[in-house]
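The chain that follows stands alone, in the form predicted alone, written as structure tokens.
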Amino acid sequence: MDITVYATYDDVQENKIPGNLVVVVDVFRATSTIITSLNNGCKGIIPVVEIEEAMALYKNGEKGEYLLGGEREALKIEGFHLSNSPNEYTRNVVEGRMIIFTTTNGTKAIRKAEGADKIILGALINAEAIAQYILSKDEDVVFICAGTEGQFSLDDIVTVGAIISRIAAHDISLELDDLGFVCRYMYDSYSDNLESVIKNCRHYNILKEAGYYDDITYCLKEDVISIVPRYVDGIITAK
């Protein structure tokens, strides 16, 4: 199994996407929020890039069926029902609803993966489930890290490392690119205390300064959800 890792969505070589299994990772916080929402009974999430696109979809949708969720610069968008905090996406809020979702980094990364054979969403909270899904397919894998405003983001790298480490535990033949090797090394080196290294990253400190302490704690939990979200025909649903 060959594993390729892109540090940001801007780094993606689009000719490497078609025909591959792609895993999109934005642990702080888009993929963590999407996974949580689906786990709490959300019908599906429509990821969009622009706020205007989200508002247009919402206005044209059936009243009461849709919620608007997302952020810009880590903060809730004016006029939206929800921000990008996974702790807001509780069962009583999202069950049975569709969510139109836009974030600074994560939804751009998801849309960048379009054209892949399969697109799934990973985070620390479902790392084992993602690893098991990949093992069941036995295909080459491309990881797309969302990054932070076009820059390399250590939190996503460590999360990819968590998934690779779980795959490697099954003694299969892995061919990692250089960044894949770094991801695995970083996770294995700090797996006993991920926050000790992630606290140095810019995205962590953006959330900390904004007061999202509970989000940080939640997003650093490992293997607490077993679903694998899949992006098909513009909608993310639980596999």
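In this text, all values refer to a predicted model and were calculated from it rather than measured experimentally. Numbers for residues come from their place in the sequence shown, where the first is 1.
What follows is about the form predicted together with a small molecule, which we do not show.
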- Task: Using a 4.5 Å heavy atom cut-off, state whether Thr104 contacts the small molecule in the model of the complex.
- Result: yes
- Query: Hey, in the model of the complex, is Ala30 touching the small molecule, heavy atoms inside 4.5 Å?
  - Reply: yes
- Contact test in the model of the complex: Asn126 vs the small molecule, heavy atoms, 4.5 Å: no
- Item | Touches the small molecule in the model of the complex: Leu207 (any heavy atom, 4.5 Å) | yes
- Contact with the small molecule in the model of the complex, heavy atom within 4.5 Å, among Ile164, Val142, Ile134, Ala74 goes to Ala74
- Okay, which stretch from 88-96, 165-173, 126-134, 105-113 lines the small molecule in the model of the complex, with non-hydrogen atoms inside 4.5 Å? 105-113
